[in-house]
Structures are given as C-alpha cells and as structure tokens.
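Coming up is one lone chain in structure tokens, specifically the form predicted on its own.
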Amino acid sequence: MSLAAGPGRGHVAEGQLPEELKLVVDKHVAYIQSLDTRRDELEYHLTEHLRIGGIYWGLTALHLLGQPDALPRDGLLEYVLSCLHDDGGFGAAPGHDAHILYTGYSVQILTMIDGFKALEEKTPGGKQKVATFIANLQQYDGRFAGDQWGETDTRFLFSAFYTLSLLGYMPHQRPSEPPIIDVPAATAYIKACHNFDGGFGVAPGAESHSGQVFTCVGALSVAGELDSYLGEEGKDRLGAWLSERQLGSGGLNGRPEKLVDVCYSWWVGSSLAMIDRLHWLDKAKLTAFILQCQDPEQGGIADRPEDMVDVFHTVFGIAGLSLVGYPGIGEVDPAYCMPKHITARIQRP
C-alpha cells in the first residue's frame, strides 16, 4: 500500500456547484486499489515505515464504502503476518522493529478480515503473545511506551486499550483472571492530561490538541470511564472547545489559530460523538468541506482543496462523512475507527 501523495488533487469539478457535490465512491475504491501499483515511485519506498498504517487506512475506507473485499484477503493476511515478531509485536513492514502503533493497526486489520485463526496457525497462542507484548510496555505510572526504546505518548496508551479489547484481553473481558494491565493507573494518567479548557494534551501540562483529545477520550471510552469521569459539565466544556475548531469554511483544525485539515473531521468529530455533542458542529458545512477536498476524477481525498490526495486523508474524510450520516456510507465506531457492525462484537464494560 503506497503512502505516496497524489497523483490527484482535491477540487470541485468544473461547472459544479457546492450543493451538487457528491462522494465519488467508485473513484475512491479504485484509488485505494491502485496504491500498491506505484512501486516504481521513490516515495513508495520512502514511506515503507508507514506500510501497515496505510493498509489499515485503505481497508477501513473500503469497509465504510461498502467494498470490504476490494483488496485481496490472502495478500493482506500474508503481508500483516510477515510483520509479526517472535515477541508478539508487529512492525510497520517486514524487518521493521515492533511498535505498539503498528501492532494496533495489524490487529485492526486482522479483525476486519477475520484473520485471528490464521494468526494462531502461524503462531500458536498468537493472540496471547500480542497481548503480552502490549502489557510489557506499560510503565510504572500507567503510561505505555511505544517500543523497547521507551518513548511514551497518550497515543500509545490508547493503542494498548483498543488493541487489547479487540483481542479480548482487557481485564473486564477476563474477570476471572489476574489483570494483564493496570487500567486504574492508565486512566489516572489520562485524567492527568486533562486541561482547564476542557481538552487533553499529549502529557500532563501539554496544550490541548484535537488528536490527543481523541486518544484520551477514546481510552476512557474503551475503559468504560468516560461518562463517570467527565459528567455532563465536563462534556459541555470539552464539547465547547471541540466545536470551536470549526472555521468558516466548514473544516476543522487541531488547535486554535491553525489551518483546517480533513483529518480533523475525524479527530474532532469522533470525540464529539463519544461525548454526545456531535450536533454542536454544522454538519452540512463540514460535509461540503470534505467533498471539496476529493478528486472527483481520480479519487482520493486531500487535507485541503487543491492539495494532493493521500490514503490517510481519504479514510478520515470518509469516516468524518460517516459520523455526520452521509448517505450510503457504513456506520463507523467513533472509538475504534472501524465499521460499527464489526466492533459490535467487542465486550465492553
């Protein structure tokens, strides 16, 4: 899966009015299918460290577009399992070091293509090995490192939570067994990242950012502590900060005084959905902004109109449209960024 940008650019077709914009589903499906054919481009090889992420983004977009089988399942299985290490972690590509982010993406892919049986056939006890790899990355204060080198980030904590829940290894899913991770310590760390403005940062004291809001709210949601921690007052305060991310164009930014970007349609929108404040956005204006960022001839969605398209912004644009109820798109789970009919099987607290 190529992470190379382009070749198309987001724009409105000549002569088309904003109210006439439609999602070009077939073009987006064809664009995602074409990504792995660009191996003669330098950028394809320079983005190898994002390969598993690209597969997850493309596959999720295809599921939401109603084309879950548009990529060959056997090829996806073979590639994902080739990234598995003996310790249970997955790398971004074959030969790359194991990392919690790519382990999470790999488990999401395996969940969507029903690949856990193949995992167990390749590595007996594979699910438990993956869960143990993640558990071993938890630090003394509840944080999670991304890999053996020790960098920490709330993204890694969220990845740990959702990945373990997909595997069925969150403590609430195995109440008769000793907990594999310390959930109270982890959620206490998340709460320490909560700021006076209602948002969350990457670490205690760091400024609020929409991406980190998603990871922190998502972690609390997966742990079943979102409602009890924030309450209605906390949701109002966070919802106000998030809704202020919408600018006149209809697009959303990550923090004050920054440019709008299609990906924040997801980071902001999903967070608002998890706290039941999505109606605080102007959904019609957001929809129009996303559609203006698609390439109506070649498919793909860009961060902003006139910029080059890529698979990262394609999935988050489509997921954003799912959140606002765009017709014909599958329902997305705001905590997992996966089809809701798949995550409905997860045992939640």
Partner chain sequence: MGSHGIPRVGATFDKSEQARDKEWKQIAQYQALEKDVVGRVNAKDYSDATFQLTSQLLTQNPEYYTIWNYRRLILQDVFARELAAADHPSEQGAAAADKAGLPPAQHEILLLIKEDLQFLIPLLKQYPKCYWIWNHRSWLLGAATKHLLARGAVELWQGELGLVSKMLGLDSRNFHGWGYRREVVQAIERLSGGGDEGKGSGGLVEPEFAYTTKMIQSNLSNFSAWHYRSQLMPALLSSRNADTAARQAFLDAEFELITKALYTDPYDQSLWFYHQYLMATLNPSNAQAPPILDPCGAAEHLQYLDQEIESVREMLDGAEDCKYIYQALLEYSGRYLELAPEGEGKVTVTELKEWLRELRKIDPLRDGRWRDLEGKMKL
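The shown structure was predicted, so the numbers you read here are calculated from the model rather than taken from an experiment. Numbering follows the first chain given and starts at 1.
The protein also exists as the form predicted in complex with its partner chain; that form is not presented, and the subsequent description refers to it.
Visitor: Asp182, Glu244, Glu120, Asp227: which sits within 4.5 Å of its partner chain in the model of the complex by any heavy atom?
Guide: That would be Glu244.
Visitor: My question is simply whether Phe312 lines the interface with its partner chain in the model of the complex - judged by any non-hydrogen atom within 4.5 Å.
Guide: Output for Phe312 is yes: heavy atoms within 4.5 Å of its partner chain.
Visitor: Answer with yes or no whether Gly142 is in contact with its partner chain in the model of the complex, where contact means some heavy atom within 4.5 Å.
Guide: Although its partner chain is absent here, Gly142 would stay clear of it in the model of the complex, with no heavy atoms inside 4.5 Å.
Visitor: Given that the partner is absent here, does Gln108 sit within 4.5 Å of its partner chain in the model of the complex, heavy atoms only?
Guide: No - in the model of the complex, heavy atoms of Gln108 and its partner chain never come within 4.5 Å of each other.
Visitor: Test of understanding: in the model of the complex, would Leu281 fall inside 4.5 Å of its partner chain by heavy atoms?
Guide: Because a heavy atom of Leu281 falls inside 4.5 Å of its partner chain in the model of the complex, the answer is yes.
Visitor: At 4.5 Å between heavy atoms, only one of the stretches 128-136, 68-76, 200-208, 214-222 reaches its partner chain in the model of the complex; which one is it?
Guide: Stretch 200-208 is the one.
Visitor: Since the partner is left out here, which residues of 227-259 would have a heavy atom within 4.5 Å of its partner chain in the model of the complex?
Guide: Heavy-atom contacts to its partner chain in the model of the complex: Tyr229, Glu233, Asp236, Arg237, Ala240, Trp241, Ser243, Glu244, Arg245, Gln246, Leu247, Gly248, Arg255, Pro256, Glu257, Lys258.
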